[in-house]
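Given next are two forms of a protein chain, the same chain in both, each as C-alpha coordinates and marked structure 1 or structure 2.
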Structure 1
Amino acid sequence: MTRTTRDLLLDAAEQLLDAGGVEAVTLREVGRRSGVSHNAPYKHFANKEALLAAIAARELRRRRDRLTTALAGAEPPEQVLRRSLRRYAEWAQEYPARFKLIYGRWTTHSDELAEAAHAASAQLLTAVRAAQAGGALPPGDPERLLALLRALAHGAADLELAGHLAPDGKGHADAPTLIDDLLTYLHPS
(Lines of atoms letter the chains of each structure in order from A and count residues from 1; the text may use other names and numbers.)
(Lines give C-alpha, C1' and ligand atoms only; values in the text may rest on other atoms or scores of the structure.)
Protein backbone atom coordinates (compact mmCIF):
# COMPACT_ATOMS: atom_id res chain seq x y z
CA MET A 1 0.00 0.00 0.00
CA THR A 2 2.95 2.32 0.67
CA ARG A 3 4.40 4.13 -2.30
CA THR A 4 7.66 2.32 -2.66
CA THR A 5 10.64 3.45 -4.71
CA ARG A 6 9.86 0.59 -7.03
CA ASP A 7 6.40 1.99 -7.71
CA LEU A 8 7.83 5.44 -8.28
CA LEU A 9 10.30 4.05 -10.78
CA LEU A 10 7.59 2.13 -12.62
CA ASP A 11 5.31 5.17 -12.79
CA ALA A 12 8.07 7.43 -14.03
CA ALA A 13 9.09 4.90 -16.67
CA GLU A 14 5.51 4.47 -17.85
CA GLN A 15 5.13 8.23 -18.13
CA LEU A 16 8.27 8.46 -20.25
CA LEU A 17 7.12 5.51 -22.35
CA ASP A 18 3.77 7.13 -23.15
CA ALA A 19 5.32 10.50 -23.83
CA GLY A 20 8.17 9.49 -26.11
CA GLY A 21 8.14 5.80 -26.84
CA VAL A 22 10.49 3.14 -25.56
CA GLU A 23 13.59 5.04 -26.58
CA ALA A 24 12.61 7.90 -24.29
CA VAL A 25 12.84 5.56 -21.31
CA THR A 26 16.35 6.02 -19.97
CA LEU A 27 17.33 4.81 -16.55
CA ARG A 28 18.93 8.16 -15.89
CA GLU A 29 15.72 10.09 -16.53
CA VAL A 30 13.67 7.52 -14.63
CA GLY A 31 15.93 8.01 -11.63
CA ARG A 32 15.83 11.79 -11.98
CA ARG A 33 12.01 11.87 -11.98
CA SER A 34 11.86 9.52 -9.02
CA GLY A 35 14.24 11.61 -6.97
CA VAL A 36 16.94 8.95 -6.81
CA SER A 37 20.31 8.50 -8.45
CA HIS A 38 20.69 7.28 -12.02
CA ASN A 39 21.52 3.76 -10.97
CA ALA A 40 19.17 3.25 -8.04
CA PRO A 41 16.90 1.33 -10.48
CA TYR A 42 19.45 -1.49 -10.42
CA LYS A 43 18.48 -2.21 -6.81
CA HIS A 44 14.92 -2.98 -7.97
CA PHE A 45 15.35 -4.35 -11.48
CA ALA A 46 18.10 -6.45 -12.97
CA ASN A 47 18.44 -4.05 -15.87
CA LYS A 48 16.49 -1.84 -18.24
CA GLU A 49 14.83 -4.80 -19.99
CA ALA A 50 13.50 -6.07 -16.68
CA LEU A 51 12.02 -2.66 -15.88
CA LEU A 52 10.25 -2.61 -19.25
CA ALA A 53 9.00 -6.15 -18.74
CA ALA A 54 7.52 -5.15 -15.39
CA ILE A 55 5.65 -2.27 -17.05
CA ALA A 56 4.35 -4.60 -19.74
CA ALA A 57 3.17 -7.15 -17.19
CA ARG A 58 1.40 -4.51 -15.12
CA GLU A 59 -0.44 -3.15 -18.15
CA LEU A 60 -1.39 -6.62 -19.32
CA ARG A 61 -2.84 -7.44 -15.91
CA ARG A 62 -4.93 -4.25 -15.99
CA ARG A 63 -6.35 -5.19 -19.37
CA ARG A 64 -7.07 -8.76 -18.35
CA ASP A 65 -9.01 -7.54 -15.31
CA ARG A 66 -11.14 -5.24 -17.43
CA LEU A 67 -11.82 -8.09 -19.84
CA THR A 68 -12.90 -10.31 -16.98
CA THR A 69 -15.38 -7.65 -15.87
CA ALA A 70 -16.76 -7.35 -19.41
CA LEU A 71 -17.22 -11.08 -19.70
CA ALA A 72 -19.05 -11.27 -16.38
CA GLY A 73 -21.91 -9.10 -17.71
CA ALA A 74 -25.12 -10.24 -19.34
CA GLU A 75 -24.06 -9.19 -22.86
CA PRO A 76 -24.16 -11.84 -25.60
CA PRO A 77 -20.69 -13.38 -26.08
CA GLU A 78 -20.34 -12.24 -29.70
CA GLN A 79 -20.96 -8.66 -28.56
CA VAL A 80 -18.37 -9.03 -25.81
CA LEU A 81 -15.93 -10.37 -28.36
CA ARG A 82 -16.60 -7.54 -30.79
CA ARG A 83 -16.20 -4.92 -28.09
CA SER A 84 -13.03 -6.55 -26.77
CA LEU A 85 -11.40 -6.59 -30.19
CA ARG A 86 -12.44 -3.00 -30.88
CA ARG A 87 -11.15 -1.88 -27.51
CA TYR A 88 -7.88 -3.63 -28.29
CA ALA A 89 -7.51 -1.50 -31.43
CA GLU A 90 -8.53 1.68 -29.61
CA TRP A 91 -6.10 0.97 -26.82
CA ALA A 92 -3.30 0.51 -29.35
CA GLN A 93 -4.10 3.91 -30.78
CA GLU A 94 -4.20 5.57 -27.39
CA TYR A 95 -1.09 3.95 -25.92
CA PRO A 96 1.01 2.94 -28.91
CA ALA A 97 4.20 2.46 -26.93
CA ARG A 98 2.53 0.12 -24.44
CA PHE A 99 1.04 -1.81 -27.34
CA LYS A 100 4.42 -2.12 -29.05
CA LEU A 101 6.08 -3.13 -25.81
CA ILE A 102 3.57 -5.85 -24.95
CA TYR A 103 3.07 -7.31 -28.38
CA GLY A 104 6.61 -6.92 -29.60
CA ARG A 105 9.24 -9.53 -29.06
CA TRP A 106 10.25 -10.05 -25.45
CA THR A 107 14.01 -10.16 -25.14
CA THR A 108 13.80 -11.04 -21.48
CA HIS A 109 11.72 -13.91 -20.24
CA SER A 110 9.23 -12.85 -17.61
CA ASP A 111 7.02 -15.35 -15.83
CA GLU A 112 4.51 -12.74 -14.78
CA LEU A 113 4.28 -11.46 -18.35
CA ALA A 114 3.71 -14.93 -19.76
CA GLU A 115 1.12 -15.69 -17.08
CA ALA A 116 -0.88 -12.51 -17.76
CA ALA A 117 -0.84 -13.13 -21.50
CA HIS A 118 -2.06 -16.68 -21.06
CA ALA A 119 -4.88 -15.60 -18.75
CA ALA A 120 -6.11 -12.99 -21.27
CA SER A 121 -6.13 -15.61 -24.02
CA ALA A 122 -8.14 -17.99 -21.87
CA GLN A 123 -10.78 -15.32 -21.27
CA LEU A 124 -11.16 -14.63 -24.98
CA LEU A 125 -11.35 -18.31 -25.77
CA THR A 126 -14.35 -18.62 -23.49
CA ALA A 127 -16.13 -15.89 -25.46
CA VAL A 128 -15.33 -17.58 -28.79
CA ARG A 129 -16.72 -20.91 -27.60
CA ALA A 130 -19.90 -19.25 -26.35
CA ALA A 131 -20.35 -17.35 -29.64
CA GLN A 132 -19.92 -20.60 -31.57
CA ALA A 133 -22.49 -22.30 -29.35
CA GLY A 134 -24.88 -19.41 -29.98
CA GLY A 135 -24.45 -19.68 -33.74
CA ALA A 136 -22.74 -16.30 -34.17
CA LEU A 137 -19.45 -17.86 -35.26
CA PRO A 138 -18.81 -20.88 -37.49
CA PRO A 139 -17.93 -24.25 -35.90
CA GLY A 140 -14.40 -25.61 -35.82
CA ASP A 141 -11.32 -25.36 -33.58
CA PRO A 142 -11.97 -22.35 -31.31
CA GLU A 143 -8.23 -21.74 -30.76
CA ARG A 144 -7.70 -21.43 -34.45
CA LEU A 145 -10.69 -19.13 -34.85
CA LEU A 146 -9.49 -16.96 -31.99
CA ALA A 147 -6.06 -16.77 -33.61
CA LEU A 148 -7.71 -15.47 -36.77
CA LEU A 149 -9.66 -12.82 -34.89
CA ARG A 150 -6.66 -11.69 -32.86
CA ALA A 151 -4.37 -11.60 -35.89
CA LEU A 152 -6.83 -9.37 -37.74
CA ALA A 153 -7.34 -7.03 -34.81
CA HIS A 154 -3.60 -6.88 -34.18
CA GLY A 155 -2.69 -6.28 -37.81
CA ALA A 156 -5.36 -3.63 -38.30
CA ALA A 157 -4.24 -1.83 -35.14
CA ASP A 158 -0.56 -2.03 -36.04
CA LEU A 159 -1.00 -0.86 -39.61
CA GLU A 160 -3.27 1.96 -38.52
CA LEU A 161 -0.68 3.00 -35.98
CA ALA A 162 2.00 3.12 -38.62
CA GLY A 163 -0.24 5.07 -40.97
CA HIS A 164 -0.18 2.25 -43.51
CA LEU A 165 -3.87 1.44 -43.42
CA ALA A 166 -5.77 2.97 -46.34
CA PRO A 167 -3.18 5.72 -46.81
CA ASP A 168 -5.45 7.59 -49.23
CA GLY A 169 -8.28 7.60 -46.71
CA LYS A 170 -10.38 5.70 -49.20
CA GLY A 171 -12.68 2.88 -48.13
CA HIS A 172 -12.94 4.03 -44.50
CA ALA A 173 -10.87 0.97 -43.68
CA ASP A 174 -9.97 1.84 -40.12
CA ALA A 175 -9.37 -0.88 -37.56
CA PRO A 176 -12.90 -1.02 -36.01
CA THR A 177 -14.41 -1.26 -39.50
CA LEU A 178 -12.19 -4.18 -40.44
CA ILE A 179 -13.03 -5.99 -37.22
CA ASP A 180 -16.74 -5.58 -37.95
CA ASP A 181 -16.19 -6.70 -41.54
CA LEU A 182 -14.49 -9.91 -40.44
CA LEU A 183 -17.18 -10.74 -37.89
CA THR A 184 -19.83 -10.18 -40.57
CA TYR A 185 -18.04 -12.45 -43.04
CA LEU A 186 -17.68 -15.10 -40.33
CA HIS A 187 -21.32 -15.01 -39.30
CA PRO A 188 -23.03 -18.15 -40.68
CA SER A 189 -25.93 -16.94 -42.82
Structure 2
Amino acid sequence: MTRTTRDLLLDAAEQLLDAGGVEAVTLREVGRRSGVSHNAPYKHFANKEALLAAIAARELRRRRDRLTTALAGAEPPEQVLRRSLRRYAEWAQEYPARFKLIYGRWTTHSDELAEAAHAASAQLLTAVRAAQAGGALPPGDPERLLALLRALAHGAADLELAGHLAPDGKGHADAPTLIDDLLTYLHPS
Protein backbone atom coordinates (compact mmCIF):
# COMPACT_ATOMS: atom_id res chain seq x y z
CA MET A 1 0.00 0.00 0.00
CA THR A 2 1.34 3.40 -0.96
CA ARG A 3 1.83 5.81 1.88
CA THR A 4 0.47 9.27 1.19
CA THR A 5 2.01 12.52 2.36
CA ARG A 6 -0.88 12.78 4.83
CA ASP A 7 0.02 9.33 6.23
CA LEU A 8 3.65 10.36 6.61
CA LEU A 9 2.62 13.56 8.38
CA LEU A 10 0.38 11.62 10.76
CA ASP A 11 3.18 9.11 11.43
CA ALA A 12 5.55 11.93 12.34
CA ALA A 13 2.93 13.65 14.47
CA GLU A 14 2.22 10.41 16.37
CA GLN A 15 5.93 10.00 17.09
CA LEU A 16 6.11 13.54 18.44
CA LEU A 17 2.95 13.05 20.49
CA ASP A 18 4.23 9.79 21.98
CA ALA A 19 7.60 11.34 22.82
CA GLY A 20 6.49 14.66 24.26
CA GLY A 21 2.73 14.99 24.44
CA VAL A 22 0.51 17.48 22.65
CA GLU A 23 2.95 20.33 23.31
CA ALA A 24 5.64 18.59 21.25
CA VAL A 25 3.49 18.45 18.13
CA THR A 26 3.99 21.39 15.81
CA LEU A 27 3.15 21.52 12.13
CA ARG A 28 6.64 22.76 11.32
CA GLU A 29 8.34 19.86 13.13
CA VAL A 30 5.90 17.37 11.61
CA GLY A 31 6.84 18.66 8.16
CA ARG A 32 10.56 18.51 8.93
CA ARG A 33 10.37 14.94 10.22
CA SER A 34 8.31 13.91 7.21
CA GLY A 35 10.88 15.31 4.79
CA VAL A 36 8.50 17.84 3.27
CA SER A 37 8.51 21.62 3.28
CA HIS A 38 7.49 23.39 6.46
CA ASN A 39 4.33 24.60 4.67
CA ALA A 40 3.30 21.17 3.34
CA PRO A 41 1.41 20.14 6.51
CA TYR A 42 -0.91 23.12 6.03
CA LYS A 43 -2.07 21.62 2.72
CA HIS A 44 -3.48 18.68 4.72
CA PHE A 45 -4.39 20.26 8.08
CA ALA A 46 -5.77 23.73 8.71
CA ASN A 47 -4.01 23.97 12.08
CA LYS A 48 -2.57 21.96 14.93
CA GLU A 49 -6.01 21.07 16.30
CA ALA A 50 -7.01 19.57 12.94
CA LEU A 51 -3.80 17.53 12.92
CA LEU A 52 -4.43 16.30 16.46
CA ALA A 53 -8.03 15.39 15.57
CA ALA A 54 -6.73 13.40 12.59
CA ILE A 55 -4.32 11.51 14.88
CA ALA A 56 -7.17 10.72 17.28
CA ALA A 57 -9.45 9.63 14.42
CA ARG A 58 -6.81 7.34 12.96
CA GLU A 59 -6.22 5.71 16.33
CA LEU A 60 -9.96 5.18 16.85
CA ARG A 61 -10.23 3.59 13.40
CA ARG A 62 -7.35 1.24 14.25
CA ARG A 63 -9.09 0.16 17.44
CA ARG A 64 -12.40 -0.30 15.60
CA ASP A 65 -10.74 -2.35 12.85
CA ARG A 66 -9.11 -4.69 15.38
CA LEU A 67 -12.45 -5.27 17.07
CA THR A 68 -14.21 -5.81 13.73
CA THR A 69 -11.65 -8.45 12.77
CA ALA A 70 -11.92 -10.15 16.17
CA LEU A 71 -15.73 -10.23 16.05
CA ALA A 72 -15.59 -11.89 12.63
CA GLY A 73 -13.49 -14.73 14.06
CA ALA A 74 -14.56 -17.90 15.85
CA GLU A 75 -13.93 -16.65 19.39
CA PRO A 76 -17.08 -16.15 21.52
CA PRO A 77 -18.18 -12.49 21.61
CA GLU A 78 -17.76 -12.24 25.38
CA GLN A 79 -14.10 -13.22 25.02
CA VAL A 80 -13.63 -10.75 22.20
CA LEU A 81 -15.17 -8.01 24.33
CA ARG A 82 -13.06 -8.96 27.36
CA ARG A 83 -9.87 -9.01 25.30
CA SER A 84 -10.78 -5.72 23.62
CA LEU A 85 -11.42 -3.93 26.92
CA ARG A 86 -8.23 -5.36 28.45
CA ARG A 87 -6.27 -4.32 25.36
CA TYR A 88 -7.77 -0.82 25.65
CA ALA A 89 -6.42 -0.50 29.20
CA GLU A 90 -3.03 -1.86 28.14
CA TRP A 91 -2.96 0.51 25.14
CA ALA A 92 -3.59 3.45 27.50
CA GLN A 93 -0.47 2.46 29.45
CA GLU A 94 1.60 2.08 26.27
CA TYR A 95 0.38 5.30 24.64
CA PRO A 96 -0.69 7.65 27.42
CA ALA A 97 -0.49 10.77 25.26
CA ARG A 98 -2.79 9.23 22.63
CA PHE A 99 -5.17 8.09 25.37
CA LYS A 100 -5.30 11.59 26.86
CA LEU A 101 -5.62 13.20 23.43
CA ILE A 102 -8.52 11.06 22.28
CA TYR A 103 -10.47 11.21 25.51
CA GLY A 104 -9.60 14.74 26.54
CA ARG A 105 -11.76 17.80 26.02
CA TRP A 106 -11.99 19.02 22.42
CA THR A 107 -12.55 22.71 21.76
CA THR A 108 -12.99 22.41 17.98
CA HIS A 109 -15.22 20.17 15.90
CA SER A 110 -13.81 17.62 13.48
CA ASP A 111 -16.12 15.60 11.24
CA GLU A 112 -13.36 13.03 10.78
CA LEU A 113 -12.96 12.54 14.53
CA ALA A 114 -16.72 12.49 15.16
CA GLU A 115 -17.21 9.82 12.49
CA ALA A 116 -14.33 7.69 13.79
CA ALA A 117 -15.57 7.96 17.38
CA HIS A 118 -19.10 6.98 16.33
CA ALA A 119 -17.86 4.00 14.31
CA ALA A 120 -15.62 2.76 17.14
CA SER A 121 -18.43 3.09 19.66
CA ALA A 122 -20.87 1.33 17.33
CA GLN A 123 -18.50 -1.61 17.00
CA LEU A 124 -18.14 -1.87 20.79
CA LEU A 125 -21.92 -1.76 21.06
CA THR A 126 -22.10 -4.66 18.58
CA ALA A 127 -19.77 -6.65 20.83
CA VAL A 128 -21.88 -5.89 23.92
CA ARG A 129 -25.10 -6.91 22.14
CA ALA A 130 -23.48 -10.14 20.95
CA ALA A 131 -22.29 -10.94 24.47
CA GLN A 132 -25.78 -10.20 25.82
CA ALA A 133 -27.35 -12.44 23.17
CA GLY A 134 -25.00 -15.23 24.22
CA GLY A 135 -25.96 -14.82 27.88
CA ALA A 136 -22.51 -13.63 28.95
CA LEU A 137 -23.79 -10.18 29.95
CA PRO A 138 -27.07 -9.33 31.66
CA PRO A 139 -30.06 -8.20 29.61
CA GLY A 140 -30.98 -4.55 29.52
CA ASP A 141 -30.02 -1.42 27.65
CA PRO A 142 -26.80 -2.32 25.78
CA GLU A 143 -25.76 1.32 25.47
CA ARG A 144 -25.98 1.78 29.22
CA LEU A 145 -24.04 -1.44 29.80
CA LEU A 146 -21.41 -0.26 27.32
CA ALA A 147 -21.19 3.03 29.23
CA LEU A 148 -20.58 1.07 32.45
CA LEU A 149 -17.89 -1.09 30.84
CA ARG A 150 -16.26 1.87 29.17
CA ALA A 151 -16.32 3.94 32.36
CA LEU A 152 -14.62 1.16 34.30
CA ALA A 153 -12.02 0.50 31.60
CA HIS A 154 -11.28 4.19 31.10
CA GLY A 155 -11.32 5.11 34.77
CA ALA A 156 -9.13 2.17 35.76
CA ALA A 157 -6.65 2.96 32.97
CA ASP A 158 -6.54 6.59 34.06
CA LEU A 159 -6.02 5.63 37.71
CA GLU A 160 -3.22 3.25 36.75
CA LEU A 161 -1.55 5.96 34.65
CA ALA A 162 -1.68 8.34 37.61
CA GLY A 163 -0.13 5.74 39.93
CA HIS A 164 -3.32 5.21 41.95
CA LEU A 165 -3.79 1.57 40.92
CA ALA A 166 -1.25 -1.26 40.92
CA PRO A 167 -1.29 -5.02 41.52
CA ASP A 168 1.21 -4.70 44.38
CA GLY A 169 -0.07 -1.36 45.66
CA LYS A 170 -3.20 0.73 45.60
CA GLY A 171 -6.29 -1.26 44.68
CA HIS A 172 -4.33 -4.52 44.56
CA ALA A 173 -5.07 -4.70 40.82
CA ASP A 174 -4.21 -3.18 37.49
CA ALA A 175 -6.78 -1.93 34.99
CA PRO A 176 -7.08 -5.21 33.01
CA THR A 177 -7.67 -7.15 36.22
CA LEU A 178 -10.47 -4.78 37.27
CA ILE A 179 -12.05 -5.23 33.84
CA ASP A 180 -11.97 -8.99 34.37
CA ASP A 181 -13.48 -8.53 37.82
CA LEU A 182 -16.38 -6.44 36.50
CA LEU A 183 -17.14 -8.88 33.68
CA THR A 184 -17.07 -11.76 36.18
CA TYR A 185 -19.41 -9.91 38.54
CA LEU A 186 -21.79 -9.25 35.64
CA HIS A 187 -21.79 -12.92 34.65
CA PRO A 188 -20.46 -15.31 37.27
CA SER A 189 -19.66 -18.72 35.84
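Rigid core (definition): largest C-alpha set, two forms, superposition within 1.5 Å. None of the values given here were measured: they were computed from a predicted structure. When a residue number appears, read it as a position in the sequence of structure 1, where counting begins at 1.
- Of the two forms shown, structure 1 is the one predicted together with the DNA, while structure 2 is not.
- Of the candidates 60, 84, 30, 153, only 60 lies at a hinge (point where C-alphas switch from fitting one rigid part better to fitting the other better) between structure 1 and structure 2.
- Rotation of the smaller rigid part against the larger between structure 1 and structure 2, from C-alpha superpositions: 15 degrees.
- On core superposition, residue 39 has its C-alpha offset by 5.6 angstrom between structure 1 and structure 2.
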